[in-house]
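We begin with a single chain expressed as structure tokens, specifically the form predicted on its own.
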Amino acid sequence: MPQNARPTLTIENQGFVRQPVDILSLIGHTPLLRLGRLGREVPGVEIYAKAEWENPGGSVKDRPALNIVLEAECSGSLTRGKTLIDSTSGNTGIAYAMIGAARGFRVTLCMPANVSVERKRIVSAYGAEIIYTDPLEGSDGAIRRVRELVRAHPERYFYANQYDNPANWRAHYETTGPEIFEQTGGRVTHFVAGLGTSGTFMGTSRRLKELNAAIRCISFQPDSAFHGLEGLKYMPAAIKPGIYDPALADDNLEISTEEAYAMTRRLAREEGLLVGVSAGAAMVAALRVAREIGRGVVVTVFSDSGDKYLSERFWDEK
């Protein structure tokens, strides 16, 4: 080497040698984060959250979307000539669009017109078609529109049907539940998750209760039909997902939009975690459970990061 030549910096000589991987192989195995500052509000309880924005599509929805696609391909329901179609409030649509781009099939999504502009642009960036529905009808309006299209053109579409497809909850039964149990060394005492499609709560809770029947599983939802918590459903007034079983929850909490927004800001400013509003709601629910039990290990799910919500006005509130 010439006297003044700089050494070449390579991945190999830094000890980071890795085999090439497929983008979809990065789904799952997300970190479990300890909530250090907010968790101190209840000293006897350890509070953890799964960092689901670490999935390549940026949310927990990568897990069920991939499982739905793989099972459909295996059964022959999704072939190269068909377009995957589904209703979504954003994250599952992003996951479908990413997977469709990676595996080479078309994707059409029905979503309420009032979802964040960031979600719309991400879906479009992956090349998926978007059909916007009445924002006042929420996710239920998107569901109705998809069903109309599938009835009119059954030969054209594979209806992924995330709300009724058992492949949704099975994804969490096979991955999220075992990960939480392993990452806590089996010490988890309470699991807390929100209800949208209900797949995360259903699948994870079933697996955790099989691993330890003493684990308490608590669901949460918005406190009214008119709310600002994208991805979550107020079950009493919604089209109930076919995969939802209310009997599985040991308790169900209701969270207001205002307290979820406030907690989302606190997570950014006090924990350094820029997360979505459903994660803020999850933290509110986890702290509520922690205060009630006084001692234990509470695990929840932070479904996505906050970068898809930066255009929302709640960030500017004091």
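The first residue of the shown sequence is 1; numbering continues from there. All figures in this text were calculated on a predicted structure; none of them were measured in a lab.
One more form of this protein should be noted, the form predicted together with a small molecule, which is absent from this view; the next part is about it.
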Within 4.5 angstroms, counting heavy atoms, which one of the listed stretches 178 to 186, 105 to 113, 138 to 146, 228 to 236 is next to the small molecule in the model of the complex? 228 to 236
Does any heavy atom of Lys61 come within 4.5 Å of a heavy atom of the small molecule in the model of the complex? yes
With a 4.5 Å heavy atom cut-off, would you call Thr300 a contact of the small molecule in the model of the complex? no
Given that the partner is absent here, does Thr264 sit within 4.5 Å of the small molecule in the model of the complex, heavy atoms only? no
Using a 4.5 angstroms cut-off on non-hydrogen atoms, would Ala95 count as touching the small molecule in the model of the complex? no
Only one of Leu195, Leu84, Ala171, Val192 comes within 4.5 Å of the small molecule in the model of the complex by heavy atoms, so just point that one out. Leu195
